[in-house]
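What follows is one chain in structure tokens, specifically the form predicted alone.
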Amino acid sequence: MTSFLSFAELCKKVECVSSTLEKIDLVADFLVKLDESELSVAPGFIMGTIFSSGSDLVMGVGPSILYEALARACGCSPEQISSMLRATGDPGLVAAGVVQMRKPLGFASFIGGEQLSISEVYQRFLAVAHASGKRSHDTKIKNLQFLFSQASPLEAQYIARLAIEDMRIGVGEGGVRDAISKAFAMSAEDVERAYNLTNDMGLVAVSAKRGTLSNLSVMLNHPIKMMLAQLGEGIPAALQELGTAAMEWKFDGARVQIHKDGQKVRIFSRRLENVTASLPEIVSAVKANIRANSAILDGEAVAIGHDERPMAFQEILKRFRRKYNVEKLAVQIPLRLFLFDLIYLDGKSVIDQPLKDRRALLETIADPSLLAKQVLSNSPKVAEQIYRQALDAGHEGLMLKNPSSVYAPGKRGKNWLKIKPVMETLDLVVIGAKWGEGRRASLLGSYRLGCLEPETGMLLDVGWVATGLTDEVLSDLTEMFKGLIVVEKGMELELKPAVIFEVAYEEIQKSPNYSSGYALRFPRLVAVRDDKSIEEADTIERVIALYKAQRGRNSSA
């Protein structure tokens, strides 16, 4: 049984080294020593994710629950915790400091007593995630309180960060993938494919240890990462790249992955969150119109107004967020399903079949009313007509797909190209905010944005956005972010990274004021993309590429 202290010591070492390769070596050396039950948990812990998407479990721990548990466990006041937060800005360091000075409460026994194990910490987190009903708040606090009462300061630091799923050690999916590869002598490509198919890094690690990685495949009721499209450079260039293309509307909706298992239907969002309860009409449509015992379907849910045109994207997201009075909102914001791909059918994965064959299978099991219309052509004129039809109907543009392409989970490439009339935008993570002034004093008025450093998972800031925000939008955003406040320093807040803003801008400039080295000039909010996961945020590499491309355009003008 591996102690949680050894895990905390690993995290401390990893956090203190700057070399990515050294971080990977440290993690690999740790993973190889674990038994299978610990190995199923530790990779997620390292990334700051406790449960895989298919489990439907969420911690549901915000800073307020965390700090209340700390206060109870260690006999300190909320004022002391607030003071330490202002000084450090790090919930983990606060937890370590509070435990260091805690008052003996009779059952605090980490000195000379039994050490916490990785498995015991995980079991407590399970109890937190399973807590429901009127006493859920108290149940969550009691389980965290127990962990903090038993923890050393170093253990408390990483228990706190894990509880709010923000590890800050500079190891993301890519780093854990490479560590598993090194620990068990598997290729990084095979590890990545297995993860994209299962979305469960613990399962991947255990399979790598057993030497059975190649046996992992698509599994019903385990959401897989969705195949993504790349922005095309226009219809002629796209068709020159693809030749004959499968042409579809690019719908102004929200991506859904649907798992049908007999009469049981589960729906996952683009972030691979279970949103089944929020979308009853989609569940009904699948039950009534899909002639297959089991299937995994890929498509788009679109909110259609009384004028038969798509409603605003933010209206769709209201449906995905709603947990109560779903039926009432469904009348106001009705959803229609458009299916365009098939991932799994009656016990077998079909992702390695070409798109044209997957589409043919989809047509055999789905009522035509659910299918996105598709045309096979190599004609720019036909593509232009479909593009204009989509725009006239209020949608985003055109999809051009390679009919011979396999379904590549989690990949963005030239096999799927999107043609849109709008300017380039960036998907950036909200990592901080400031309170407004005057009549907006009770609202969060501006938001600090970060781009992703993919190997480490770190977020590098690229400036603030405060434009494009009405009072109504600010009120909704303030309510959304209240539970994500990590620390408050005067007017400025640090937020748990959980929400993506799609942001337009006039240009990208170099700037020493931000950790990315770049800043957005005149940024404005286009949409709140809480259908996207943090891993889908734009990277520093893309920011740099856009910066270089704009310089090229400017110099040739």
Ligand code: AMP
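Quick note: we count residues from 1 along the sequence shown, nothing fancier. Here the structure is a predicted model, which is why all the values come from computation and not from measurement.
Not pictured, yet referred to below: the form predicted in complex with this ligand.
A heavy atom within 4.5 Å of this ligand in the model of the complex is found for exactly one of K356, R412, R336, R72: R412. Put simply, of M399, L85, V275, I282 only one has a heavy atom within 4.5 Å of this ligand in the model of the complex, and it is M399. The stretch from 162 to 170, 123 to 131, 413 to 421, 379 to 387 that comes within 4.5 Å of this ligand in the model of the complex, counting heavy atoms only, is 413 to 421. Not displayed here, this ligand is kept clear of K434 by more than 4.5 Å at the level of heavy atoms in the model of the complex.
Interface membership of K182, defined by any non-hydrogen atom within 4.5 Å of this ligand in the model of the complex, is ruled out. This ligand in the model of the complex is not approached by K482, whose heavy atoms all lie more than 4.5 angstroms from it. Under a 4.5 angstroms non-hydrogen atom cutoff, this ligand in the model of the complex has E248 among its neighbouring residues.
Site residues R448, F501 and D530 are none of them in contact with this ligand in the model of the complex, judged by any heavy atom within 4.5 Å. Contacts of stretch 259 to 284 with this ligand in the model of the complex, defined by any heavy atom lying within 4.5 Å, are made by R270 alone.
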